[in-house]
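Before any questions on how it binds or moves, here is one chain, the form predicted alone, in structure tokens.
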């Protein structure tokens, strides 16, 4: 009898190991997202600094990160950090690499949101004697961030789909597990089909979550 094209018994056999890889993928995504969202906001504010040298330096850093491949940045961090005494796990290195890379893109999204705040809002804060910190926290950011939530969410989903690149620096994430299982059995169809389904499911859930957050912010 011919061997079935898609072996369900083998699929259920490898599913637990793929789920372990999925946990690593989600961990990397969460860590990188935290780094990207916070650092991206810092970079966006830095580009509006009153100190021209600071604004110029931040702009150069953002453009450099956006103009170089993520894989090159991951290799740089993975091989260079230990040589200068910074020893991190592959997962930590990968999360930092992903986070910094996407922070550069998110900073542009934040910057667009900040620039959409009417100038009268800034002038009103000055007239009321608000400090620069209070102006940012109480007036500018509450108006600037909600409109850009969809764009930020798109980058989070894109970041999640970039995690297979972490296998290049020995992170045993979902795609790496699938490759290992495929090389053991020479059956790649089941492993990669499951990987595709898992990525599709989590991407869809993430997109729905972003949409719900967007609607709640719009109502509030």
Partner chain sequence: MPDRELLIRMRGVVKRFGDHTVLDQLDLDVPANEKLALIGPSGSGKSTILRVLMTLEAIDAGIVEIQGERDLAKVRSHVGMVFQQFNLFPHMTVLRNVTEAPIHVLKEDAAQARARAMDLLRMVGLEDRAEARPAQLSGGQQQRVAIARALAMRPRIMLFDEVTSALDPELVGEVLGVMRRLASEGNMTMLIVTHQMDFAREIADRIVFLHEGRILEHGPPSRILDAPEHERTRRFVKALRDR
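Positions refer to the first chain, counted from 1. This is a predicted model, so every value here is computed, not measured.
What follows is about the form predicted together with its partner chain, which we do not show.
In the predicted complex, at least one heavy atom of residue 120 sits within 4.5 Å of a heavy atom of its partner chain. Contact between residue 80 and its partner chain in the predicted complex is not found at the 4.5 Å heavy atom cutoff.
At a distance threshold of 4.5 angstroms between non-hydrogen atoms, residue 150 is out of contact with its partner chain in the predicted complex.
Residue contact check for residue 116: none of its heavy atoms lie within 4.5 Å of its partner chain in the predicted complex. The partner is absent here, but in the predicted complex a heavy atom of 125, alone among 91, 104, 109, 125, sits within 4.5 Å of its partner chain.
In summary, the region of this chain contacting its partner chain in the predicted complex, judged by heavy atoms within 4.5 Å and restricted to 139-147, 69-77, 96-104, 82-90, corresponds to 139-147. In the predicted complex, its partner chain lies beyond 4.5 angstroms of every heavy atom of every residue of 40-59.
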